[in-house]
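Starting off, we have a lone chain in the form predicted on its own, written out as structure tokens.
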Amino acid sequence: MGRWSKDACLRYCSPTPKIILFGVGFILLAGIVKIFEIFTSEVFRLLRIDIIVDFRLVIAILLIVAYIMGLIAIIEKITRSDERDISYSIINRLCAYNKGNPLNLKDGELEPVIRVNKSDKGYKITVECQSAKFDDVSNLETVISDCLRNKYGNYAVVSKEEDIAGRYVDYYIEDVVTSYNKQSVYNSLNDVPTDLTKIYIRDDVYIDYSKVLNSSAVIAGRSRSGKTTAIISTFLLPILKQGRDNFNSKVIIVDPKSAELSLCPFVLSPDTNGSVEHILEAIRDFNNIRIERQQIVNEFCISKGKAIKWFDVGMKPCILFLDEFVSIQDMFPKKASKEKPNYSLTDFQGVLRQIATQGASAGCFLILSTAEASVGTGGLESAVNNACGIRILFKPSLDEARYLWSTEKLAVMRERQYVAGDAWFSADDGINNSVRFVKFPRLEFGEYEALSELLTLYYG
């Protein structure tokens, strides 16, 4: 740890240029010795002094040393670890005065400490504050991404974690170019991966229901953003492929607009008169199954004398998928009538609240789809909204994303030209807590036909 100085630019470079400069110094010294040899010999000749001046051995030694310095520089560059290489780039960008001094350091202040470690998908860069202000240290996303060049030119900051005590900030960098173009392609229903607790978006990107703290999902995306196809390929098809369990598992799909989804069997849509009373009854039935499953899990816990999860019992996931959530809310009467005292928007929201906040421990999960993120996330009440630990936004923009995530979580995200299936997402599973970009699977077969086939088998 040294003291910062605006005149010490060379100190913040990697060893390679320093070694090369050292070698150049020996070459210049050899040149000076040669000039001195020529000059001295000429003087002695003019003075007719019979002395031979020969510095060839000294010059040879100096040139050999310069050659060795060049060789050492090459070896150092080749054998340098990725962690050290990245560290030198960042130190130079943060501390060299001619690079802008982004930490606003002053002469005599302590230089920041930079540590780089390999992570699962890239590298973790820890920047300790020392004399720098924490606000300056916590706003280096663009600076760090910009200083990564050559071998790491495709890398950029994808997330960061701030120390609650304000001592350091961890920045995570990944190869965003390779990641941006990576996408699973399913040519048939057999290609769709299925796992009891994992929901796969890509081979290396998945949501683990066994670890998600708040496992309900809110999924937003405007028309033609690939939202419905992604929900079918990622959530519905894999779970339906597992089949039913012995604990009355269900997959309920609600299409309030009576669109393509409603053409599939067992999908619920409003009656011809616009009534959704039967949908509310189906959701109540789903909640009753949740209660029964929870009792079974509790009995296992008592018999085993320890905490037991739904998947340990042999249960398979239950899914309640509400497409176009805003539309279905508008179909419920605001107030219950005397003839139907249990049929109102309040009753609908009350059942959803129970499923969203209490369903995870029984393996019952709620998926809410909305056309766009807006104030209140499409009319979600706060309890349900807070229970949505899985959040996905298709064809994202920062303006919409701010309704789903805090400004701090979006600090590293950058808008691009997106196509259908491109999304930002996060999940409270300890793996995907930070907002990240991902391409959802591309299907090379008819998703609605496959969904119909699996629904028929599931309830057959």
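The first residue of the shown sequence is 1; numbering continues from there. Bear in mind the structure is a predicted one, so any value in this text is a computation, not a measurement.
Keep in mind that the form predicted in complex with a small molecule is missing from the display, and what follows is about it.
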property	result
4.5 Å heavy atom contact, Lys182 and the small molecule in the predicted bound form	no
The small molecule contact in the predicted bound form: Arg293, any heavy atom under 4.5 Å	no
Partner proximity in the predicted bound form: Pro317 to the small molecule, non-hydrogen atom cutoff 4.5 Å	no
Contact flag, Ser382 vs the small molecule in the predicted bound form, heavy atom cut 4.5 Å	no
Partner-proximal stretch of 217-225, 358-366, 96-104, 111-119 relative to the small molecule in the predicted bound form, 4.5 angstroms, heavy atom	217-225
Of Ser344, Thr229, Asn92, Gln329, the one that lies within 4.5 Å of the small molecule in the predicted bound form (heavy atoms)	Thr229
In the predicted bound form, the one of Val58, Leu29, Ala66, Ala420 near the small molecule [non-hydrogen atom within 4.5 angstroms]	Ala420
